[in-house]
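A lone chain, given as structure tokens: the form predicted on its own.
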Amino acid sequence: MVERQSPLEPAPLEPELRTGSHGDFEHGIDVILSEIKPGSILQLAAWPGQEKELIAGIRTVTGLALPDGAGAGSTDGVRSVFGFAPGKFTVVDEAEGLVSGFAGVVTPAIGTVTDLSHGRTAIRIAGPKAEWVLAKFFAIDFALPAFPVGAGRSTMHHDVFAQIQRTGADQFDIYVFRSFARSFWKALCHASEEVGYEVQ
């Protein structure tokens, strides 16, 4: 059984979410930061030799074609999926209850489905300087040819584990543990100050 956050409890970023323009925005806003709240964040893992069956199951449930291989991914603006390790995938949906859609598709012989919706916070960074700001945190080539739309990466910034998916030409969605979300958000805001950023 998944424990959902009580509506009376503040969201992890709520105390730090200050909408509006911040930093050096006199000459314009180059980064937009926001918390996105997908209803479902799942991790799927295939048993050895069952990767293609799992990928087929993901396509059946989400409608997204997923190229084989770590880092490959796809997004349609509502649902997203990307591989972050051999045979392991993150699947995200704006709606709740996606886990039930996999119940009869990903059988115990194929792999596992874990609902992480309660344990992750999703942060979106967009704008012409999004790549530049993220490069301050992660030793990853964020250029579009190396990190195409739909692709994902699994990485860390100090002790903060992060999964990053490019969901647009200048837009990335970052998934972090809820317990680290506030400190990571504050660091992201600080790193965006010199280019001018807006919180939505």
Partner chain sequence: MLITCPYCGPRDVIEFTYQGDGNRERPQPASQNLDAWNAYVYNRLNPAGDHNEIWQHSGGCRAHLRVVRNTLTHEVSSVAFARGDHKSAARHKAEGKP
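Residue numbers count along the first chain shown, from 1. Treat the numbers as computed from the prediction; the structure is a model and nothing was measured.
Beyond the structure shown, there is the form predicted together with the partner chain, which is absent from this document and is the topic of what follows.
A heavy atom within 4.5 Å of the partner chain in the predicted bound form is found for one listed residue only; from 155, 171, 62, 34, this is 155. Proximity of residue 71 to the partner chain in the predicted bound form falls within the 4.5 Å heavy atom cutoff. In the predicted bound form, the partner chain stays beyond 4.5 Å of every heavy atom belonging to residue 95. Proximity of residue 140 to the partner chain in the predicted bound form: non-hydrogen atoms within 4.5 Å are present. Remark: residue 78 does not count among the residues lining the partner chain in the predicted bound form, judged by a heavy atom distance of 4.5 Å or less. In short, of 54-62, 34-42, 156-164, 128-136 it is 156-164 that has heavy atoms within 4.5 Å of the partner chain in the predicted bound form.
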